[in-house]
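Heads up, the chain below is alone and in the form predicted on its own; it's given as structure tokens.
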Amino acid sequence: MNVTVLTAISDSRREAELAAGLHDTDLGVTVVRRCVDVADLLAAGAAGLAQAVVLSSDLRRLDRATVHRLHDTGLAVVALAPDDQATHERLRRLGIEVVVADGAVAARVAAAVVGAVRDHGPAGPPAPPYPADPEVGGGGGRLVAVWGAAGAPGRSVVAVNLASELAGLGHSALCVDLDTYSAAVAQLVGLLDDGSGVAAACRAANAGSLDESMLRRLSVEVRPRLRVLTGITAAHRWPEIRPALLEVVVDRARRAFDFVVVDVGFCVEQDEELSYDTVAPRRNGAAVSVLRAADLTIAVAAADPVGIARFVGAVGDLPTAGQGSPHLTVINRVRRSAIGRGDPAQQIALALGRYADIGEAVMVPDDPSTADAAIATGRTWAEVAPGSPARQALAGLARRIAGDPAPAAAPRWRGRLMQVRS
């Protein structure tokens, strides 16, 4: 078996010795390029020059995004690291599974490279959405994605109030603003929009340092048992929210909270690569990755002819459609004046059944006074109008999701303006 290898080792003398040693082994390992830095390594990997890379744990700018891009090009990654548990743990969080002692002889490194390439597959596996993380997948909390078609269906309002109702039932809840087009959760709960909790969490995940306690520090408590991870402060910051990092953020959130309610962007198109001849940036990758991972998707539509038409045209494009992931439909601001004659809920239900094959939907009555009071004061519907029909509809939805049929009185906590640190 002939294996071609790239190297990127901080110590040039060690790199030269290892390159010579690998050539002398009888395992067929050949060093085709010695890269000087991460940029050089990524360029060589994208050019398809090798099957594997051997890098040092102290390589500058080595992070989870770099490892993801190396995996994305089909490279098996082997790291040289000192015999230090903290270093090994950091490398595993970055997505590097094969680690060899820094002072190992060339034959040992060659054997690790051959084994990594064999496990990776002769031509490389299909590009994974994220580099492997041995800790990912053990979170016990439920992930609820809240999506809505283009326009103003009230997706963010539903996400915030649904998370609030789940917290009112006694569950710990985190509301995450993952809208890369128009983040709004911070304003809805009365937070100063001068920092992004989700961007800070992605940076920590990229460095391999994000854990449950850090995630709690990056989020803000807005009422008992409810915390918020604020979104990006400007739309042009969307490249900071990369799918390669979100798996870690979501997993840590599921470990720390009973429910993670994520407000995702409206757009779920996945054709960005058509405009690029290299690895494409994916503005919609955040929404797509969360929708694919969600235990439940709440699909929100506005209760008017335009809102229903947009919803019917877009709901079939959800990444969860046809893949077994359930979704519930929520029709927001149901009112007779926007529908015409007859019962508006019945008319909407008939349209959904005929044009989208949806047999059930949660109808949220229009209550502009409650919605305005909540936005003006940065509070939730449960705080400003506990008896509102709109609030009661979302409270019932929360009980259904939580499997708790008995209503519970939510504790009142007056919202206030708070500083957010990123």
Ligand SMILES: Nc1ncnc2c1ncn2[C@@H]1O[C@H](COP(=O)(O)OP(=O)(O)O)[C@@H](O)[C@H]1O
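All values derive from a computational prediction rather than experimental measurement. One-based numbering along the sequence shown.
We do not show the form predicted in complex with the ligand, though everything after this point is about it.
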(message) Only one of these stretches, 369-377, 60-68, 45-53, 24-32, has heavy atoms within 4.5 Å of the ligand in the predicted bound form; which one is it?
(response) 369-377
(request) Would you please decide whether A152 lies within 4.5 angstroms of the ligand in the predicted bound form, comparing each non-hydrogen atom pair? (result) yes
(request) Could you confirm whether S156 comes within 4.5 Å of the ligand in the predicted bound form, counting heavy atoms only? (result) yes
(message) Just checking whether N332 would be counted as a contact of the ligand in the predicted bound form - the rule being heavy atoms within 4.5 angstroms.
(response) yes
(request) Although the ligand is absent from this view, report whether L41 comes within 4.5 Å of it in the predicted bound form, heavy atoms only. (result) no
